[in-house]
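So this first bit is one chain, no partners, the form predicted alone, shown in structure tokens.
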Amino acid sequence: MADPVFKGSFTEQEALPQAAIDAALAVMKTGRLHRYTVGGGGPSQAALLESEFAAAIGQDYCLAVASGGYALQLAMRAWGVSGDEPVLTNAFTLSPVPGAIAAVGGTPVLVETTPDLTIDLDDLKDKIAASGARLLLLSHMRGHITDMDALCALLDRTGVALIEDCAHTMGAAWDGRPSGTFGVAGCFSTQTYKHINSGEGGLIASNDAKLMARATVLSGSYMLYGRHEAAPAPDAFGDAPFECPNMSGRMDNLRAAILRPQLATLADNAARWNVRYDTVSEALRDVPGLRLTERDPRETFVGSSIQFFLDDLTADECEAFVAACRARGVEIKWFGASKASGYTSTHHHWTYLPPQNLPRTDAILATLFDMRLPLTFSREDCALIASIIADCAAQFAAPFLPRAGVA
């Protein structure tokens, strides 16, 4: 009998909820897509989204912008990054994170990764001392949250500020405290593959009035910042409207209208993602040769993707494993590939950075695999996918089978 094949799509997202469709149609019928074109109807959709998101995570201020990457750039510019200064960030992340540092004139200083895919605090301590960096742009890559208590204590001792990249942790928390609330700012993405979907979009949340006043002006508010419901008071803006360049990157009312109903159902969808994550992880936990990351019990995560290792495989075997999964309909990304593929790349591919020596991260990424878990998958889909991964892993990891290329 032929091996079962998965027929679904790893890039197909759920349709937008009817409430989001209705809200989008209502905005389009008015023609008031620009966030500052509100007529006589009160706050814009963008302003309402900002207020609702700030309230959802317990922050004073929020700004809606054009993308998650733009949110990172804006937060760093508003904080004061400039002039080739070093900015610390994870070595294990996606390219928009070091890209944002480069875009604001900073020099990325990459920090090693732990086997559980969080930032290595020992290496961070060493690189704070060696680089003199004033800022850490922390990427909660693929939803893995480090020990935020230990991290914040280290940053407090060394006088280093924190901006969080929460592209993969909207709806997540550390010890009950929402992701994105530990530093001077938290930056979120609403790109299609994130936890709420407007195609592209981003949010900056903060309790820092000066930073958010500058970010609002930088985003292209002109002199209309008084129309922001979740912005600092007018006196916080001071000379910012004259000192900060207009770097137009606002979110429009159409995208904000689409996002507001999704924000209201984020907690329910996070629970749905975690059912899918648990289904796959439980099925893979006892597969010979396959290792899952360990999650700290203080971490509340959103399982919209899953990562695992096949530690004993060679590079050729890793490539063959990915191909075997693909032949049966399962799309796996491999971080050890020599060439960047789609959204998957490593520091070796980011040639605009100074070359950096990261042996521990390189060893971890060499056998690291990554897979999306869209909500379009059923639990039965997830069980089938896990069985296919287990079957394909057994071709290379089972002790009674010869390794590829070995006589």
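Just so it is clear, the model here is predicted, and its values are computed rather than measured. From 1 onward, residues are counted along the sequence shown.
Heads up, the form predicted together with a small molecule isn't pictured, but that's what we're talking about next.
A.B. asks: Tell me the stretch among 223-231, 329-337, 163-171, 274-282 that has any heavy atom within 4.5 angstroms of the small molecule in the predicted complex.
C.D. replies: This holds for exactly one stretch, 163-171.
A.B. asks: Considering only heavy atoms, tell me if residue 201 and the small molecule come within 4.5 Å of each other in the predicted complex.
C.D. replies: It does: once the small molecule is placed as it appears in the predicted complex, residue 201 has a heavy atom within 4.5 Å of it.
A.B. asks: Please tell me whether any heavy atom belonging to residue 194 falls inside 4.5 Å of a heavy atom of the small molecule, as the geometry stands in the predicted complex.
C.D. replies: Close contact exists here: in the predicted complex, residue 194 approaches the small molecule to within 4.5 Å, heavy atoms only.
A.B. asks: Indicate whether residue 367 is a 4.5 Å heavy atom neighbour of the small molecule in the predicted complex.
C.D. replies: Residue 367 lies outside the contact set for the small molecule.
A.B. asks: Would you classify residue 110 as touching the small molecule in the predicted complex, given a 4.5 Å non-hydrogen atom cut-off?
C.D. replies: No.
A.B. asks: Taking the small molecule in the predicted complex as the reference, which of 253, 189, 206, 304 has a non-hydrogen atom within 4.5 Å?
C.D. replies: Of the candidates 253, 189, 206, 304, 189 is the one lying within 4.5 Å of the small molecule in the predicted complex.
A.B. asks: Among the candidate residues 94, 128, 322, 266, which is the single one with a non-hydrogen atom no more than 4.5 Å from the small molecule in the predicted complex?
C.D. replies: Checking each option against the small molecule in the predicted complex, the one that comes within 4.5 Å is 94.
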